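A single chain comes next, written as C-alpha cells; it is the form predicted on its own.
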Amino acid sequence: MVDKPAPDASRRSEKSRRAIYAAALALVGEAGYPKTTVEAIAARAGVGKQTIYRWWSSKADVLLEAFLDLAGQAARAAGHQPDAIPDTGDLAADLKAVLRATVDELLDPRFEAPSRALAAEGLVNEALGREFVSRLLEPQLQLYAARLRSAQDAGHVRRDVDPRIALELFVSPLAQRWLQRTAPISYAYTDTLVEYALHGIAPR
C-alpha cells in the first residue's frame, strides 16, 4: 500500500490566512469596525477563532495586516515594489505613476468600503487611529519622503525643502478629496497635484 503524502501545513496555513484577510476586509466594509468581531471573521473565513488568535492578538491586528497585504498586492499589480517608489530619474513621472496606482486602489471596491470604515473609526477610536497611522500610513509617507530626498541629492528639489512637508502637497489633497467626497478622484487630478506641487501656481 502506497503511503499518502502528508498534508502541506504551510499551504493550508496560507489558504486560511488568505481566507481570514478576505473575511476581515469584507466584514468591516459591510458592518463597520465596532460590529466586526473575531468570531464573525472566523465564521466567514471558515476557521476556528483559535486559529485567528494563534496568529493575531486582536481584530485590529487582523485588519491592519489584511490592509498591508492588499496594498502590497495593488502595488505589485501596478508593477511597483510595495516597499519603494520608483526612481527613474524623473521625479514628476515617478510621483504621477505611484499616485495613479493609489487612485486605482482607492476606487477598488475591495479596498474602498473597509478603508472608509477603518478611517472613520480611527477618528473616534484613538488607539486604532494611532495604529492605522503608524502601521499603514506612515510607512507609505516615508517612501515618498525617501524619493524626495533622492531628488534633492540629484539636484531636482531644493536642499532647503522639508520632504515630510513637501509630500503633503500631493498626498493630503488626494486623501481629503477621497475621504470627504468633495469631488471625484482621477489620474488627471493626481497628475495636476504633482504639477502644482513641483512647479507652483505662480505665473512662469
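On a predicted model such as this, the values are computed, not experimentally measured, just so you know. Numbering starts at 1 and follows the sequence shown. Here the rigid core means the biggest group of C-alpha atoms that line up within 1.5 Å when the two forms are laid on top of each other.
The same protein also has a form predicted together with another copy of the chain, omitted here; what follows describes it.
- Every member of the trio A120, R130 and T182 reaches another copy of the chain in the predicted complex with some non-hydrogen atom inside 4.5 Å.
- Among heavy atoms of G29, none comes within 4.5 Å of another copy of the chain in the predicted complex.
- In the predicted complex, none of the heavy atoms of A60 sits within 4.5 Å of a heavy atom of another copy of the chain.
- At least one heavy atom of T192 is located within 4.5 Å of another copy of the chain in the predicted complex.
- Taking non-hydrogen atoms only, N125 approaches another copy of the chain to within 4.5 angstroms in the predicted complex.
- Core-superposed comparison between this form and the one not shown: the CA of G32 exceeds or equals a 2 Å shift.
- With a change of no less than 3 Å, the CA-CA distance between R181 and P34 is smaller in the predicted complex than in the form shown.
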